[in-house]
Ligand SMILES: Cc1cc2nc3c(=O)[nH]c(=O)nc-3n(C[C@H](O)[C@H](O)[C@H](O)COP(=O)(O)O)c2cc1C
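One chain comes next, on its own, written as structure tokens: the form predicted on its own.
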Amino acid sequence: MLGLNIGKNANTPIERAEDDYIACLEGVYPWADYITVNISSPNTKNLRDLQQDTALDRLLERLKNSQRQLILRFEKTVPLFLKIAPDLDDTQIEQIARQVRHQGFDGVIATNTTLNRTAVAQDPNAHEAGGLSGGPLREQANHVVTTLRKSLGPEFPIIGVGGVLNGSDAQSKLAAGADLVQLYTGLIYRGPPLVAESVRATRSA
């Protein structure tokens, strides 16, 4: 299964971000099994502004309209998943949940990397810019998954991401409410065996 991630270019003004998303959606649609709409990378200036109510509603609506046209053109349905940040309060998460349901999105990926440095405050590199991933992100990401599950109900697809370094961490994602678990930083430290360990742990969950 191939999931492809789309977002705006770093040098595209935020006011024209929607055009980038539509162009990317049209470009990758024939090849993807699902498409991640990334509005939460902390490394692209102002990107997270798209998580705000009006901007998000407009973007999701345009993407769904484009998806409907692409379904007819390519005679296949490629699900759209919205990838959100961990640095949201419960009210913001609940609002996003309402919007993805209203616009007919197919799922949510929670979460991207965090700007929060509380968990690494004593680290000499804590001041560095960019998104923080790995173990320090785990509980924050799990909280977002739990809040989404409460807001979206039992059937809406959620992919849990962030801080999975062992099988127990993968299991915690399912316990929080995720349907699937995604890995990234853990693969750097553990390599492919982490996948097998996570599968074993989640099968017994």
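What you see is a predicted model, and the numbers here were worked out from it, not measured in a lab. Numbering starts at 1 and follows the sequence shown.
What follows is about the form predicted in complex with the ligand, which we do not show.
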Within 4.5 Å of the ligand in the predicted bound form, heavy atom basis, the matching stretch of 60-68, 142-150, 23-31, 156-164 is 156-164
Exercise: residue 12 in contact with the ligand in the predicted bound form, heavy atom 4.5 Å
no
How about residue 170: is it within 4.5 Å of the ligand in the predicted bound form, going by heavy atoms?
no
Determine whether any heavy atom of residue 103 comes within 4.5 Å of a heavy atom of the ligand in the predicted bound form, and answer yes or no.
no
Please check if residue 183 has a heavy atom lying within 4.5 Å of any heavy atom of the ligand in the predicted bound form.
yes
Taking the ligand in the predicted bound form, which residues along 1-23 bring a heavy atom to within 4.5 Å of it?
5
